[in-house]
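Coming up is one lone chain in structure tokens, specifically the form predicted alone.
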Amino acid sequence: MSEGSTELLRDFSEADAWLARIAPPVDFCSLRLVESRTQAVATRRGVPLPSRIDIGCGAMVTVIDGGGVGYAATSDLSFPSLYQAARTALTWAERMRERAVIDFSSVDRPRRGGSYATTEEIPWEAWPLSEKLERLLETDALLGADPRVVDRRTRWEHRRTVTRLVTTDGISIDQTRVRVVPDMVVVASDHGETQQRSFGGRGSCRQGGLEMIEALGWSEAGERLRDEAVALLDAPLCPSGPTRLLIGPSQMILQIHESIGHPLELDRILGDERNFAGTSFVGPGDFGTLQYGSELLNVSFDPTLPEEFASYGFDDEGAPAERRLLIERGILRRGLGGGTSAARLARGGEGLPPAEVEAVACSRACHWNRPPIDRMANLNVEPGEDSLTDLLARAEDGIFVDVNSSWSIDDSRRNFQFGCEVGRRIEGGELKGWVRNPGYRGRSTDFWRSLIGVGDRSTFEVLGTPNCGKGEPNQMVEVGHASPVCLFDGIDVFGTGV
């Protein structure tokens, strides 16, 4: 293939015929075909790095029969291999019947097909490799235009994933998703102090083509990040003590991810993840009753926003993507779980009481060789009514932070401590000088209940993360987060170094 080619390795158009030939006589069988292609171009300290292309292609067969479920995957898409995968999946389904946590035949299955495709205004291949590197080197030169800069990196990554899901119920779903992950890092050092600034801490990522790189503010970022890294070298250490804390969107996405997203995943609440990623402080009885945050807090699961990183038309089990409010006016309404987890909670089990929890379309797999599990997709704090000027005036005297530099949270997602790249003093309702190495800590529900101001649409940014890990065997998936600037009261803030 030529550089930048998006040509498919295999034609998936005959997937329905393939399934008809390989499916055993069972209650349900599905075939999920996936092809992915990732290319990264990068520079470091003015030198282009080797361009890398990763390509993967394979199939997952799911069999449900007699209440059991089984999976088998293969990268060989020939008829004998797919046929054997279906028989292996059937064997596992038969073995599971007497040990299953639920009657899998009773779980809702896909009821309609369809398609989804990312809108891509400027395709990745529209710019040759030489032009991409030229643009990266231009940014690299801006980052390095100060003698105190000791390291600098630039990188653009492009991801394209094509999936086709077909089922013995006659459902067919085709999806093509295209994403870009631009990144730059600048490190400055002087008189024993070192500071780093980055392009959103890899949180600046979108669904779409090359147009999204500029939409995220790439061109103006290089000079600004360099100057901020240098300015932080001479900044005083962030003061310690309880204060009003104003948090920018690039840090809010980490806060949402760790203290709302993961604790609301139903498989964690059910205990499936306790040996690896941990459990959750949220219990089945909390849905509809728990005051998760102040009345200003509204959090949506929304895989329908076209430019957000993890948008799609259907999840990997075929459930249609729909926007749902998880937290409404501070009250926990729903969790992050697909049909299987919702059905398990509804029936009780694992020592848990029955709970009424509506499933959302969040059963996701990282690749062809993993079965879907409960995952975040796009998880957003809804904008409020305050401008940035309003929020600063309400803060009066406090600290502004943005862009994560370190994070720590316990395995039940209750107690956390985060560090940030950006710190500014707020005095008299205005942003003043820099402070270095700001950090803050708290307890998840106490923190969100301290929310006293939510920025309006003008402060709202669509961001995400390309590498959320979970599951055994591990799955790394893409997650979208969007948030306005938010103001919190009485937060324990501190400097994270000497």
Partner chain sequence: MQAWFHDVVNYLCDLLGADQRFTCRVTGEDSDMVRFNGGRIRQAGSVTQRELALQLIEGDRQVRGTLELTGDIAADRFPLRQLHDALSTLVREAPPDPHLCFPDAVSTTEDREDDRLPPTSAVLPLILAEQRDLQPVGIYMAGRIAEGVATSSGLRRWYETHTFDLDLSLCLGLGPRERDRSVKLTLGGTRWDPAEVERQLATAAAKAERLRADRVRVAPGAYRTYIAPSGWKMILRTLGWRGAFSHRAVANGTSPFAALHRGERLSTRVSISENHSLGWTAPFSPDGFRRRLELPLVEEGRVSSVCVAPRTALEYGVPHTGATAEENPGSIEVAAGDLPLAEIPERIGDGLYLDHLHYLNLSDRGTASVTGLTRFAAFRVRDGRIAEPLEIVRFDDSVLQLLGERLIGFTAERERLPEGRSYHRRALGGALLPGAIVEGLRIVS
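Positions refer to the first chain, counted from 1. Everything numeric in this text was worked out from a predicted model, so none of it was measured.
In what follows, reference is made to the form predicted together with its partner chain, a form of this protein that is not presented.
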With the partner left out here, if you bring back its partner chain in the predicted complex, are 50, 100 and 270 all within 4.5 Å of it by some heavy atom? yes
Heavy atoms within 4.5 Å of its partner chain in the predicted complex: which of the stretches 204 to 212, 162 to 170, 277 to 285, 108 to 116 has them? 277 to 285
Can you tell me whether residue 32 touches its partner chain? I mean in the predicted complex, with a 4.5 angstroms heavy atom cut-off. no
Give a yes/no on whether residue 258 approaches its partner chain to within 4.5 Å in the predicted complex, heavy atoms considered. yes
Residue 146: touches its partner chain in the predicted complex, heavy atom cutoff 4.5 angstroms: no
With heavy atoms only and a cut-off of 4.5 Å, decide whether residue 95 touches its partner chain in the predicted complex. yes
Just give me the single entry in 66, 56, 429, 466 that has a non-hydrogen atom within 4.5 angstroms of its partner chain in the predicted complex. 56
Just to be sure I understand the contacts: of 139, 405, 250, 380, which is the one whose heavy atoms reach within 4.5 angstroms of its partner chain in the predicted complex? 405
From first to last in sequence, which residues of 401 to 433 have any non-hydrogen atom within 4.5 angstroms of its partner chain in the predicted complex? 405, 406, 407, 408, 409, 410, 411, 412, 413, 414, 415, 416, 417
